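Shown next as structure tokens: one chain only, the form predicted alone.
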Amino acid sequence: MESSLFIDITLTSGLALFVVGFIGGMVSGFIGSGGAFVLTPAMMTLGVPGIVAVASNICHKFPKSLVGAMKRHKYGQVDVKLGLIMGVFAEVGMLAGKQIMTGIKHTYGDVGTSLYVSVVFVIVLAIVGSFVLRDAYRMFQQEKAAGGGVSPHQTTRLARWVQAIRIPGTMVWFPSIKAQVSLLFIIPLGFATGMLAATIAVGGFIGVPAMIYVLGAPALMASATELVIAFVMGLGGTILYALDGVVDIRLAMIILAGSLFGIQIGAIGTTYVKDSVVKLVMGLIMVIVLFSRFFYVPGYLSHLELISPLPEATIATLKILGDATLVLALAVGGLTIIVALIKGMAAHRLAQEV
């Protein structure tokens, strides 16, 4: 595979990558989706081709995810068994997704991979983001009706059905679910998680909702367990993409340096907030990033001559809108997590005094 063009890293772009990594780390530790749905678009905004952004993001993910998983394991939030089993099947999906990405690279070049990543982001973020926000609103209403207390975890009807299915020789008991689930349900969920992670570096969009709504795990445990899956996927995915020469180790290390600090704050924040806050933050960032990537799509289509050529001034304006929206997403994510952490710690301290 021909080498992709790696961007020049200046002092300004290096600092920007570090800050992005820090905020992405906070998001990762807080909601457990790896934070890649912030990091991948941010790298592409700085001029990194889609396939390089995905590969470098996967590379930085596995050590960061290991740190986050270990941190949240201390709080009893990680289901190691579920994470490892889903991670193994996710590796198979990672291999399939990598073949799709390299195929697009061969056919359409770097712009083609950027277009593919952007379109998938818009579609997936629209579906998952709206669903998560709706669920967060419902949880807020339940907590309000309960007098502000924490709404107990409620297993969905689909999860109860999945847990009720008994297939001899395939049943495994998982601590987070507190029930047995057939491996025949775990396999497709793991495969889909890995395939999406290989194509846009975001497996948590499938992994976390699947564990919550399909398997019946609480939101906090699902987000923490996803870090284990991300570690397994990231390790294998890095090797696969490195063999094709599209992993920019400079990007990975700068982002990792920032994210290792941020992930500590995000992981601590989960111990002071409710599940509804975790889902609210996740949904808000998803929707904002969705619009950020949407502004880039016309430019990619124009460069590939899939639509009538657009004036360069129009493409530049759309890029500015995309950049500004991404900055907004980073600001909303970082500030929301910090504010939630401060309020949660204050409430916890007051409760201890009482």
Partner chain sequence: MPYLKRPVTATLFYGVASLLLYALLFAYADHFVAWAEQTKENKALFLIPVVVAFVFSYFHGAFTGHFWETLGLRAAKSSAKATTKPGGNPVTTSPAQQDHPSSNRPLAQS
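Definition used throughout: the rigid core is the maximal C-alpha set that superposes within 1.5 Å between two forms. Here the structure is a predicted model, which means the values were calculated and not measured. Residue numbers count along the first chain shown, from 1.
Although it is not shown, the form predicted in complex with the partner chain is what the next lines describe.
- Each of F6, F261 and I265 comes within 4.5 Å of the partner chain in the predicted bound form, counting any heavy atom.
- Taking the partner from the other structure, the partner chain in the predicted bound form has no heavy atom within 4.5 Å of any heavy atom of V287.
- Although the partner is absent here, C59 sits close enough that one of its heavy atoms falls within 4.5 Å of the partner chain in the predicted bound form.
- Using a 4.5 angstroms limit between non-hydrogen atoms, L301 is distant from the partner chain in the predicted bound form.
- Interface membership of M253, defined by any non-hydrogen atom within 4.5 Å of the partner chain in the predicted bound form, is confirmed.
- Checked against the partner chain in the predicted bound form, the candidates E143, D110, D244, D135 yield a single residue with a heavy atom inside 4.5 Å, and that residue is D244.
- With the partner omitted from this view, the residue of M345, V339, L15, A331 that lies near the partner chain in the predicted bound form is M345 [heavy atom within 4.5 Å].
- Here the chain stands by itself, but in the predicted bound form one stretch of 172-180, 84-92, 135-143, 155-163, 172-180, has heavy atoms within 4.5 Å of the partner chain.
- Once both forms are overlaid on the rigid core, the distance between the two CA positions of L251 between this form and the one not shown is 2 angstroms or more.
- For S56, a C-alpha deviation of 2 angstroms or more is recorded between this form and the one not shown after rigid-core alignment.
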